[in-house]
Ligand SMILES: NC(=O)c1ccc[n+]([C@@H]2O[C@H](COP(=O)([O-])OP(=O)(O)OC[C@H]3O[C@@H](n4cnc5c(N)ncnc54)[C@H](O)[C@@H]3O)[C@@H](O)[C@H]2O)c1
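In structure tokens, the next block holds one chain alone, the form predicted on its own.
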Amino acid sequence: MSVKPIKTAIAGLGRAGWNIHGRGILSRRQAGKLDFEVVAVIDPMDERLKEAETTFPGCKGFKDWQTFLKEKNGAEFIVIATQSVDHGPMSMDALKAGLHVMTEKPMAMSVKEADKMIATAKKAKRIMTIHQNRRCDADLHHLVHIIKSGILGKVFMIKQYGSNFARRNDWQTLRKFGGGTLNNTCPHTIDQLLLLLDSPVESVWGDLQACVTAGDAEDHVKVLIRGKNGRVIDMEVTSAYNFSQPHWQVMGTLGSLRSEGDEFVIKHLDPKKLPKLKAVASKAVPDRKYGVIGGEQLEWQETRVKAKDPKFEVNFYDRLYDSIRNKKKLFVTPESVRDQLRVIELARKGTKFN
């Protein structure tokens, strides 16, 4: 069966545009998947344009954005992988020019800008999606499955932690370019956590600090999210701590889960073997002891499961091809990412990074 390749342009040939999307499409083609073809690139650096033209036969390089929009060189779809502050305006330009669009995260600088992008895509009758590829992660979907299985009881707290100690001085440390950890690292994390929250967001609290990187943007982020279902999300992403902690921690009424490398470790109780517990109203506690009056020995069970179950594997570009060519349901809708931007805005409130 022949495949009609999607003629693709890439705006920005930096870390994401070249390393993720350019090389990603090249790898697909080398593996025999000819569903995407790079026909145009946009970048201010001559050497990067030449590299792309050499790597992708028939590709044309453009230094000027407006010139590309007029010529396109056959492009019908574009990846926006420029500095964060340009994602919104360039996406809307491309949609108005008749292109399907995938923008890198963050989708926009505000909910208001995101709403404009969504309206522009609808008016242009073009697909707009955001490269929230971490929504494809097998461990995320496996974790959702474990929580829904009920093995942990009612889950009331989920923690996700990510840290290193790393100094930086590139454009992502400057607010004028849309820099900062909350805009450029946390969109992946928040996207996953909103899926695990399994509820509309009720409240958000954030603490943002600039600790070890240059520039004027935050590099330490702590965010607490409460859902209307009572579940709480605790997210910490920092560039100022060089000890490891479990990436995932989940607390439920029947047990706990944490990640240990490629495994989820679950310690849980069998509800059928768990005696009902009633509070004792006596003012005096026998022997002044803590715990259950009369004593209790809980029968803990430990289960270890591979964190990445193969049946949950999803490929972002496979899904995108089906949406553009076969009109299948979009894997990442802009409306779902709008919720993420609302969390980011609320996390900034009351901080100097508002």
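Residue positions are given as counts along the sequence shown, with the first one as 1. All of these numbers come straight from a predicted model, not from anything done at the bench.
Below, we turn to the form predicted in complex with this ligand, even though it does not appear here.
The candidate spot formed by 17, 83 and 104 lies fully in contact with this ligand in the predicted bound form, as each residue has a heavy atom within 4.5 Å of it. Checking 229-237, 69-77, 168-176, 262-270 against this ligand in the predicted bound form, the stretch whose residues place heavy atoms within 4.5 Å of it is 168-176. Residue contact check for residue 117: none of its heavy atoms lie within 4.5 Å of this ligand in the predicted bound form. Among heavy atoms of residue 133, some come within 4.5 Å of this ligand in the predicted bound form. For residue 45, a non-hydrogen atom is located within 4.5 Å of this ligand in the predicted bound form, even though that partner is not displayed.
Under a 4.5 angstroms non-hydrogen atom cutoff, this ligand in the predicted bound form has residue 188 among its neighbouring residues. Listed residues 213, 129, 184, 192 were compared with this ligand in the predicted bound form; 184 is the one with a heavy atom within 4.5 Å. The partner is absent here; in the predicted bound form, the one residue of 152, 90, 121, 197 having a heavy atom within 4.5 Å of this ligand is 90.
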